[in-house]
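There is one chain below, alone, in structure tokens, taken in the form predicted on its own.
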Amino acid sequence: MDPLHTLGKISSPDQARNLFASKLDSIQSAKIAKIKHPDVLVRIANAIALCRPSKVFINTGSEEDKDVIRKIAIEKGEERALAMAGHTIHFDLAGEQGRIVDRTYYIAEPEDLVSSLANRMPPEKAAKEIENHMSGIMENLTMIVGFYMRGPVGSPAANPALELTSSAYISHSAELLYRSAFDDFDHEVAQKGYFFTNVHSEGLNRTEDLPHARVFMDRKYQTTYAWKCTYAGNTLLLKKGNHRFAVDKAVYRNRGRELSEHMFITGINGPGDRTTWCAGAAPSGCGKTTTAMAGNVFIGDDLAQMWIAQDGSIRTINPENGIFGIVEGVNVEGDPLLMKVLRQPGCEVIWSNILVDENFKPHWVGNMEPVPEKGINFQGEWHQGKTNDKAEPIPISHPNSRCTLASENLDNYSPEAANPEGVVTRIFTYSGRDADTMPPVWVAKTPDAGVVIGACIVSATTATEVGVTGIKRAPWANAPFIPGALGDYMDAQFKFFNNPDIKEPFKPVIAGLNYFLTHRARGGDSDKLLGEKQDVKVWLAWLERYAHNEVGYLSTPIGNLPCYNDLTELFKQIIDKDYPRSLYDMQFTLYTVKIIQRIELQEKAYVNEEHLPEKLFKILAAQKSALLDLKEKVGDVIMPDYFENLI
């Protein structure tokens, strides 16, 4: 059952055109007449028939159409102009400032394998829910129809996608984050043989409707539905909704030759004007944008599509063309290039859930600027000292407050981002908010061990998910977006990184990153970071040299660690900072009991998963055995000099 077809009842291009003739004015009719692909026309018509908008606006991506969308967003009150030209503020409902994971479902038959970490609903029940909540939901509203490519036009890994929404804020965001591809859409759909469809409406946008808000993802028909919500993570379904479909494509249709990952893409400069490209995964809210900007040239901060090219290299594109970035903690010291865009005129920015002062200037937690006396923020009127109903101080901005902007505004933005052939990617990193266990950087000894690093990410939860707290596993930082069985996804990872078509000069370096280690974890009494935010530049620089066999390493049971002499040289060269041996020892000492506990956590969690490759357990068992031998021989705490003496 395809709910959109079943409920819309449009089955032919002629029926679609008849509906357009009755619903679209002459200007919009002339635009849609340029779209010829029958499946695209039928999909759009069914969404119109289901949602029954009062008007339909066809967005061709022209400057004139973009300007209309901006004006609708202001007129509807979805956005409000700020003091700096091109800057606007959007506030989500107070109860919907993160992904509503408890109300997000896959539409799936009972026999369909769905991730054990996700919710599911059978098609008949889902269709009834969609009918009850989306039928007529756009009455008195305008449906905006957008035609996008998730990646550069012509790229083998780019996905064509429709965005149909009554929210001008969402349409405005899509114009900043994705490539409008109206003129190329028919050709791309014909070439690829598929496209994604996204249908959304905020409805009346009331707090009392939030319990009825839903996000549905239909993998079979590659269609998402969202209603009665506005947070972009729930509603701009070109992003994480379509990322799930791209994961499915990689796992079930092109296993071993393609991956779709929750990764940044950044270029790291090396000796001789060399640039080495790195893709890295981290859960939302765990410093992915900061790490992406720590490279020398920037392509993306959130998503990556990769494939094995004919020359034997791994190529990567960013399906996005902009940043939907968390701003808490963004400041001149740690993020100078991003701050330049946010605080200097000349760039279009949509802010969300920050504080706006009386002069219509945005403020947020951690910007290292004076805090205004009062303003309006994510929960309404605000003043210094204001508390909630539990007498807790209300911060000036929500922890998941965001900025949305086009990447081309960044000084370090690379023209390679527009290359449909992608960039040759040598380094892959995995990280999370790990305060007490793993060192700042370590490299897998084999591709299989690298896949296991990704499978074993553990992270403190963040404000990106409503109602989720504590410490949790975050496999590949992609688990919320893996539609099928984790075992199938893991098998795809093993097959991809071991593909014999990857040639020797392009063999990947797969590593773990962790710059959330604290003093308390290494004998101190403070939760302050053991190091600084900017140190990640050095960890990336060391990985770049490692990829080109220009640095040594210490061989340990968990992987290869940097040598002190290489790091002290890079700290001085990259960030002009001294790096004392005492800090190195604290950061790279292995606490075997903690690491073994981490391994046992993974073993216990994975043992009941379906289709899980046995290879995972063999690698974990070998690491655990080696650590137990070391613990017996040396003790719980293994200093780096133990491994130095083995060289």
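Don't overthink the numbering: it's just position in the shown sequence, from 1. Because the structure is a prediction, the values reported are computed rather than measured.
Below, we turn to the form predicted in complex with sulfopyruvate, even though it does not appear here.
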Among 520-528, 483-491, 272-280, 239-247, the region lying within 4.5 Å of sulfopyruvate in the predicted complex by heavy atom distance: 239-247
All of 233, 262 and 402 with a heavy atom within 4.5 Å of sulfopyruvate in the predicted complex: yes
Contact residue in the predicted complex, chosen from 223, 425, 514, 284 - any heavy atom within 4.5 Å of sulfopyruvate: 284
Position in contact with sulfopyruvate when the complex is considered in the predicted complex, options 535, 544, 302, 434, heavy atoms within 4.5 Å: 302
4.5 angstroms heavy atom contact with sulfopyruvate in the predicted complex for residue 99: yes
Partner contact for residue 324 in the predicted complex: sulfopyruvate, 4.5 angstroms, heavy atom: yes
Within 4.5 Å of sulfopyruvate in the predicted complex: residues from 527-555 (heavy atom criterion): none
